[in-house]
Ligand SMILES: Nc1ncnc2c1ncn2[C@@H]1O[C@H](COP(=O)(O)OP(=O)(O)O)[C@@H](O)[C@H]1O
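Encoded as structure tokens, the following chain is the form predicted on its own, with no partner shown.
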Amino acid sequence: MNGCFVTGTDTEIGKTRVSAALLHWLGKQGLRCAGYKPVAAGTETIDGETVNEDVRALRDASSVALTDAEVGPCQFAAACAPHIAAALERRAIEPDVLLQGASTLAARAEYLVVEGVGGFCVPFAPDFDSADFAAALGLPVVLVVGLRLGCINHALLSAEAIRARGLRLAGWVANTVDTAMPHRDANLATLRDELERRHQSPCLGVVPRLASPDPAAVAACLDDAALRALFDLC
């Protein structure tokens, strides 16, 4: 299985935008790529169809034709922690279903971009969380760091958790959350130094607040050479 697992320092931090941008970039290289968000919480009805906006964004950015159900096999209506959303619907998040979905897509695509939910460690079921799922896949991890006060601590703790699961933090993306963040450049410099020193993890790009954060616009903020190294295309 080739590709990456995209996680974040928190929820609503830009994981979907970065995941869609990675899919867009892979597609521009002429590669067959598929997005996968195995667990998604929060749906709305659009033209009579139940839609999770993250699942739809990954579907649309994939170069392989996919259905929403293939991209997001486990979707819940309530926009809350997945295990709570599952309990509200009297459903279970089954690890085998999530892993089988990844294997099925990997057989159809050259690269799989898997987006996690919330931060790195989110409960799915008793004795199984999002970090366990990432470890079972074994893909290199991309960490989306939301640029705001506290991001250094959140990034370094997430990086330690990723390493503790035996996974490689292959790179990180800084995504602007707070445009008025004090000492932004100094924080970025610290993140670059510490994540490189502690985890040999390069910055894949810095995404500003964009008026239209579509996949092409976000991909333009990423480092081409770093992405080639991430996906072993050098």
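The first residue of the shown sequence is 1; numbering continues from there. A quick note: this is a predicted structure, and the numbers were derived from the prediction, not measured.
The next section is about a form of this same protein that is not shown, the form predicted in complex with the named molecule.
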Q) Wondering, does Asn175 line up within 4.5 Å of the named molecule in the predicted bound form on heavy atoms? A) yes
How about Gly14 - does it come within 4.5 Å of the named molecule in the predicted bound form, if we only consider non-hydrogen atoms? yes
4.5 angstroms heavy atom contact with the named molecule in the predicted bound form for Pro208: yes
Residues in 98 to 122 that come within 4.5 Å of the named molecule in the predicted bound form by at least one heavy atom, in order, are Glu115
